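Form predicted on its own, single chain, as structure tokens, below.
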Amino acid sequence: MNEVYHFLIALVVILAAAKIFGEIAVRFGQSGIVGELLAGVIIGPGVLGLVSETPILTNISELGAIILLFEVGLSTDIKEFARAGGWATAVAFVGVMLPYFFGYFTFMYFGLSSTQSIFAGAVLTATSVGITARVFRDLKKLESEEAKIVLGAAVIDDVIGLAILAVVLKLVSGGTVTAGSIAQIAGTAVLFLALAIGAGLLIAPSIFKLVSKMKQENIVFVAGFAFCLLIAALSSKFGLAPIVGAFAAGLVLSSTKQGEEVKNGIKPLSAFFVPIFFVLMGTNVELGTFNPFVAGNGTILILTAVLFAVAFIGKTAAGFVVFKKGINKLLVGVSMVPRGEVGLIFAGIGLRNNVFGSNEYSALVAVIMLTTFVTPFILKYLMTKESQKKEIK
């Protein structure tokens, strides 16, 4: 009974802190994710000590990550994804490769292990399509050529990143790092995604057409969410992260007539579970790590600064592979910078698999928060400047 009490109070504190700090972040023009992370830092063991991670909270948090990637998949038009275009593909590829190797070599330079370096590179590959899309929408630029390239690239970026995550997750669970093992794991990841999406596209429309004729309330949403959990479980069985399966499930259902109904149904669940994930990610950050007056913190502060620099440069450089006339290359590149939710999921998986200690994890979360925080300001400046130029012409 006492355990139930503490569990319920922890949920109340997490949700209240998530919404309060999320609201503050939104009012300052930031993503609610930044506020939820800060909420976790403040209520976590490093500051107020109101909440600490427990096995049941961890499971709820992981369900939040699954729901989040399911939503991302549901919000992706698979036809648009398939014809995202050569420029979007080029931006995505460069935007994954450069940050990956920059992150890897930065960690190696600072004397961290090859496993940690491989995983750090994977964390830096992510791009938050949600944050970038919001800025384009707010400034009424979603129909611009730059927006189409960026949004297509961000989706492709996530798919490549999930494949990389599958590889590094397998390696940290006891595999050996060889060209053969990497090819085998990558092949397994690609094969699973291809089979899950291919089989789903063939079977799902018929199943959900039948389900939609049933009379029970919310039956389509329940069936859709069960489908997500099934594919996530199969993904785990294949040795991949469950979020890979969740994304594939969302991608499949986005192409069905019932996809919009499932997407609307998942929103209340998302509003509950996803903030728990971000707050718990924040509770694992050691705020004392960044105290400049503690002599031993110098290295981790420098590591964080260097990681932020390479994270920013690596993504920004990807915009310059677009040689199409009239495209603002800098705007495209900077739009790819925010790491947001996917980067946090990657970092959290690294922490829970004992790849990162609290210092390395805290440095990566700080970088993710910084890229998420500064990018909207830079994007608004670049878009406003471009609009002014067009008005003068």
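All figures in this text were calculated on a predicted structure; none of them were measured in a lab. Just count from 1 along the sequence shown to find any residue number.
A second form of this protein, the form predicted in complex with another copy of the chain, is not displayed here; the remarks below concern that form.
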Counting only non-hydrogen atoms, the one stretch of 190-198, 220-228, 299-307, 153-161 within 4.5 angstroms of another copy of the chain in the predicted complex is 220-228
On the criterion of a non-hydrogen atom at 4.5 angstroms or closer, are Gly73, Gly86 and Leu251 all touching another copy of the chain in the predicted complex? no
Partner-free chain; cross-checking another copy of the chain in the predicted complex, the single residue of Val34, Leu63, Val334, Ile43 with a heavy atom within 4.5 Å is Leu63
Assert contact residue (another copy of the chain, in the predicted complex, non-hydrogen atom within 4.5 Å, options Phe272, Phe320, Phe93, Phe101) equals Phe272
(request) Would you please decide whether Pro242 lies within 4.5 angstroms of another copy of the chain in the predicted complex, comparing each non-hydrogen atom pair? (result) yes
Answer with yes or no whether Pro292 is in contact with another copy of the chain in the predicted complex, where contact means some heavy atom within 4.5 Å. no
Original post:
Quick one: does Leu11 come within 4.5 Å of another copy of the chain in the predicted complex, counting heavy atoms only?
Top reply: yes
Check Arg27 for me: does it contact another copy of the chain in the predicted complex (non-hydrogen atoms, 4.5 angstroms)? yes
Across 274-306, the residues having a non-hydrogen atom within 4.5 Å of another copy of the chain in the predicted complex turn out to be none
